[in-house]
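What follows is one chain in structure tokens, specifically the form predicted on its own.
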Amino acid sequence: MRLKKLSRDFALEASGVDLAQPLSDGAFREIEEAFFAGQVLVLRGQKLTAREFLEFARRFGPPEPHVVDQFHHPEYADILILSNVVRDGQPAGLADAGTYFHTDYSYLDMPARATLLYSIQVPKVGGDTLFADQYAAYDGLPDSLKKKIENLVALHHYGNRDDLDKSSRTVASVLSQEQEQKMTWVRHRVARKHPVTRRTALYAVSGSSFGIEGMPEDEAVDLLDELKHHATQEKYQLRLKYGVGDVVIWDNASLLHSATLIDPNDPRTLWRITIKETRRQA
């Protein structure tokens, strides 16, 4: 496996890997180490069946099916179909998913470790993902603000704090009443130690964080907005472009990410698998 940097500070592209072939434990360890080191790992031009994609993903940990279950892969519920394609009047997948900075599954008590995307159909224009490095964002805070947030715990719920309009393209994917009933309030530290690397990162200060434990709501939202504006500055960002067959793996514990809006008539299809953490944070 050969690695090259995609930016000065984070994100790696790996070549010399065919995920359709059996991977030895040693080869997978190289991939996993590159994933944690790079935070984003890209493996271009893969040719995978749904089963092969899922088997590879499972080596990172246990998959968690998305709450939007109407767009699960018909054979493998752990795969969520992201697509703006319409067939026979019915959507083929979830369109406009995650078009705001967020962290996957931060609304769950046991949040996400890794998300894997497999790009099947690429639009003519756009369809990129923006990533924001939350290690660097935390490191870039003034010492006074680091001290202020050191022991703060944010209150998370499914949704996008900045957009609750269900008719908007930047709202969190709209849930059915039954799906909404599965969602509860959960707690995560604002400055969170990564469960593997032990580095501190800002955690989900954009997206699912709606308040801070023990703090008046308006004061909490002001602080979260201040952190969000800091954490999503262009200097912390990478824009990733996809090709057909690309597999992209990212580290939810150290990143925010956002999908970019595309023309609804410009077809795009991806498969997504999200892997949960295996141990709770202190």
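Worth saying up front: this structure is predicted, and the values here are computed from it rather than measured. Note that residue numbering begins at 1 and tracks the sequence as displayed.
A second form of this protein, the form predicted in complex with a small molecule, is not displayed here; the remarks below concern that form.
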Worksheet, complete the sentence: Checked R161, R192, R113, H102 for heavy atoms within 4.5 Å of the small molecule in the predicted complex; positive is H102
Worksheet item: Exactly one of A201, L82, A132, L108 has a non-hydrogen atom within 4.5 Å of the small molecule in the predicted complex; which residue is it?
Response: L82
Discussion item. Each of W250, H257 and R268 within 4.5 Å of the small molecule in the predicted complex, by any heavy atom, yes or no?
Written reply: yes
Worksheet, complete the sentence: Answer among 70 to 78, 163 to 171, 123 to 131, 176 to 184 for heavy atoms within 4.5 Å of the small molecule in the predicted complex: the stretch 123 to 131
Fill in: 4.5 Å heavy atom contact, L117 to the small molecule in the predicted complex
yes
Worksheet item: Could you tell me if A97 has a non-hydrogen atom within 4.5 Å of the small molecule in the predicted complex?
Response: yes
